[in-house]
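The data below hold one chain only, encoded as structure tokens and taken in the form predicted on its own.
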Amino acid sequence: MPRALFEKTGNAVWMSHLDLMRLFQRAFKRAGLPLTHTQGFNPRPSVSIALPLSVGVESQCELLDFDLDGAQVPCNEICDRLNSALVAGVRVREVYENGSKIKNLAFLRCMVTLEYDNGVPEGAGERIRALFASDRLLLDKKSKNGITEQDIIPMIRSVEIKEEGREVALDAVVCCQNPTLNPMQISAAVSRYLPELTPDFAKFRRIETYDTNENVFR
């Protein structure tokens, strides 16, 4: 089954996961690339995204699996035809065959940028660095059984912090499957444990995915 590596940036970040799925289904149709459909009572197009992206989060490393019906089409041609049918902010970077099994997708590199209108508070970088060096960081997590507390420290592989201008940037590698850490929880931890460092705005970007051996996942 072919796989597409794509990015979602600009105003497209406000598109929901379901809308993004519909966009790709329409793009395949407009590009003259018919998808196969699942079997059963309610057939669905054979297209899926590995890690659903939260609204408002940018990404340059999204993975979409699909299956075409009919004659085989070269990967570079699929890429070009899809990009001609997609909207601004959603762009296919590459299409390739024989992608790794999704079950081996383990880690995500992300950038969390905390913005302060009046400049970064004094000592913010060091205090945030110390926070993520803690033994435990409990945050609320919604589940089917209600709200529980979850320790996010075991799900953070590494975090590097840099101050620049009015921003504090946290370059982190986190677990993305079994368990999963949403990068938004990194900002939430700062707001909960260091409320005086709560940013005026936070930006989130997915940069790269890795397998269980921390090799780039494709």
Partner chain sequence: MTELIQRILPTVQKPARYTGGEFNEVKKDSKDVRVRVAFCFPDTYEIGMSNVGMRILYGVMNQMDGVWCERVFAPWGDMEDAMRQHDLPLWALESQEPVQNFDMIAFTIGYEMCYSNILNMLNLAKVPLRSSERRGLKNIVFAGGVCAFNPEPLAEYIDFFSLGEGEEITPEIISLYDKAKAGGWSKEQFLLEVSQIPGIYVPSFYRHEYNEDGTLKTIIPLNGAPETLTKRIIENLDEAYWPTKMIIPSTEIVHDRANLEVFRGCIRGCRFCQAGFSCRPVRRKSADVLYRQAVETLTDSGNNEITLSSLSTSDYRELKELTDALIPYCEENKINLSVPSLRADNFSRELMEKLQTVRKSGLTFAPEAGTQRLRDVINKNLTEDEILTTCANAFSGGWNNVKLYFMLGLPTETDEDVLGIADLVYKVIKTWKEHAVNKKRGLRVHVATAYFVPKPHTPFQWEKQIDPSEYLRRCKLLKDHFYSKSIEYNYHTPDLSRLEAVMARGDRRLGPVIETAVRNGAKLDGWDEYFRYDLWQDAFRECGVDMDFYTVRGFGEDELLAWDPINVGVTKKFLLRERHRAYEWKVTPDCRQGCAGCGANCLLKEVQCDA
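On a predicted model such as this, the values are computed, not experimentally measured, just so you know. Numbering follows the first chain given and starts at 1.
One more form of this protein, predicted together with the partner chain, exists but is not displayed; see below.
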- Which among 150-158, 186-194, 24-32, 173-181 is in contact with the partner chain in the predicted complex, heavy atoms within 4.5 angstroms? 24-32
- Heavy atom within 4.5 Å of the partner chain in the predicted complex: which of Ile102, Cys75, Val87, Leu138 fits that? Just give me the one. Val87
- Query: Applying a 4.5 Å heavy atom distance criterion, does Asp117 contact the partner chain in the predicted complex?
  - Reply: yes
- Query: With the partner left out of view, is Asp69 within 4.5 angstroms of the partner chain in the predicted complex by any non-hydrogen atom?
  - Reply: yes
- the partner chain contact in the predicted complex: Arg205, any heavy atom under 4.5 Å: no
- May I ask you to list the residues of 13-50 that have any heavy atom within 4.5 angstroms of the partner chain in the predicted complex, in sequence order? Trp14, Met15, Asp19, Arg22, Arg26, Lys29, Arg30, His37, Asn42
